[in-house]
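In structure tokens, one chain follows: the form predicted on its own.
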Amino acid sequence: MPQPGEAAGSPTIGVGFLGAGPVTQAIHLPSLARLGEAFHVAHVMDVDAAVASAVAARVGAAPSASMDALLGDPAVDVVAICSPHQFHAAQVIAACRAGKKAVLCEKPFAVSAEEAAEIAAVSAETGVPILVGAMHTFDPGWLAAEELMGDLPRTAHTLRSSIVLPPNARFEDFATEVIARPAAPHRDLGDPAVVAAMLEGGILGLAIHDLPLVRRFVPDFADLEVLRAEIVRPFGYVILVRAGGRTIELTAAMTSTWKPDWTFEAVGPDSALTVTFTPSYVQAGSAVAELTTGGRTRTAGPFGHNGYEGEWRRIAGIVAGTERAPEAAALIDDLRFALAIVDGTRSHITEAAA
């Protein structure tokens, strides 16, 4: 009998999830539901067996509380890693060694450059391709922007990532009824160590979606310096970076706003690019890119899908052999760039406190 979403005589790609939290429930399952001609969910693993069972029941998948059980399941072709950051590297490596066809890991795919290098080595050894779930890099609006921008990557002097969103739960609840959402911890914003940790969380959890886009304009960041780093209440950040001769502005605020906005900008002496993305967890429509040069504006988008679906479309192409996986070196450099901003932010906070 065909699996859920599988047509008789035309087997689809079986996906196994390591971690069944809100990202799996409200982002990936709706995306895969729209791609039922290519995928079915075969296995859902979570350390909370009740959550695994409840989520798996929604999609007719096998549940478990064991990574080994999922990796040993022959119905799982592709592993999606949606667990806490600190488990990513070990789980990516285990999935590669299990001989799966591809691995999609939520950002960041490692928490150190050493872990990233080990992952790249294992991926090369096993031949298992790895994708990192920074969804904006797969958004057709951004891909169109790359085709539009000409020499702007060479000439841009200012880069901005500006994010204004309500708390994730608002969008999660629009997408699905989330099972077992984690409680928000209490934080002492008078403690510099807490502030530094919150900024790190903002960089690796939110800004990291746009940092691969920023790095398109800053291939060399050896001189990276954080000039400003502050928390925005109740949660957000203002971070000012100088790297590669360019000014980088990273701002975010998660409030009770009525008007979500997520914008990436690159400004040069003769042209400017603005890419407006759909908010997190929104499942419809791509980014819209606008390039203005000499008073003339060219627009690309919106397209029929966004980066969440784009990730899975890319995986389907990789499994079919029609598309190439991202270069491991580029993924490592993207992570190194994010970690350099984290380190610079911690140093800035420590110096300010002293």
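The first residue of the shown sequence is 1; numbering continues from there. Note that the coordinates shown come from a computational prediction; the quantities given were computed from them, not determined experimentally.
Missing here is the form predicted in complex with a small molecule; even so, the following discussion is about that form.
Note that among 227-235, 140-148, 278-286, 96-104, the stretch whose heavy atoms approach the small molecule to within 4.5 Å in the predicted bound form is 278-286. Among heavy atoms of Q91, some come within 4.5 Å of the small molecule in the predicted bound form.
Under a 4.5 angstroms non-hydrogen atom cutoff, the small molecule in the predicted bound form has I27 among its neighbouring residues.
The small molecule in the predicted bound form comes within 4.5 Å of a heavy atom belonging to P84. Within this chain, V47 lines the site of the small molecule in the predicted bound form, having a heavy atom no more than 4.5 Å away. Just one of I341, L331, L18, V15 comes within 4.5 Å of the small molecule in the predicted bound form, counting any heavy atom, and that one is L18. This chain lacks the partner; the member of P212, G133, P129, G268 within 4.5 angstroms of the small molecule in the predicted bound form by a non-hydrogen atom is G133.
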